[in-house]
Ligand SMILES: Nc1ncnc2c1ncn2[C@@H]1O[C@H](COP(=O)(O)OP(=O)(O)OP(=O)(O)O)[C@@H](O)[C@H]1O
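One chain comes next, on its own, written as structure tokens: the form predicted on its own.
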């Protein structure tokens, strides 16, 4: 599912990721461990297409992320550490917005949103502004948005 080959990322004179290679097969659950500053977040940003590598390659389901950015992003559900949410949106509005952005077909959009609401325990929060939610519920909204399009890969 993920194939990383000789991945390197430099920021000026600083090498954040140095010649990293690994693969993750479909169905595997893996953790990314290391000390602060080891390049974990930078590697995740490269895998998800938010940052370009200096050298090396990343493939998702056999497709290079640089040659097929839209197709590979569509396969990924990503929840960054600092979850960017729109505070003025109600939970239901936000999930509908993300589902549309992620290309969830209109015919199944409501059922996917309903499934995510139930899975993430958001039933009582649907009509509340995201800005009024606790940190825990904001995280749940983030999880729901990262899964609403039924991605092949969750990061």
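If you're wondering where the values come from, they're calculated on a predicted model, not measured in any experiment. Positions refer to the first chain, counted from 1.
If you look for the form predicted together with the named molecule, you will not find it shown, but the lines that follow are about it.
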request  = Classify residue 39 as contacting or not contacting the named molecule in the predicted complex by the rule of any non-hydrogen atom within 4.5 angstroms, answering yes or no.
outcome  = yes
task = Although the named molecule is absent from this view, report whether residue 16 comes within 4.5 Å of it in the predicted complex, heavy atoms only.
result = yes
key: Heavy atom of residue 22 within 4.5 Å of the named molecule in the predicted complex   = no
query = Is residue 27 a contact residue for the named molecule in the predicted complex, using a 4.5 Å heavy atom cut-off?
reply = no
key: the named molecule in the predicted complex: contacting segment from 88-96, 62-70, 116-124, 39-47, heavy atom within 4.5 Å   = 39-47
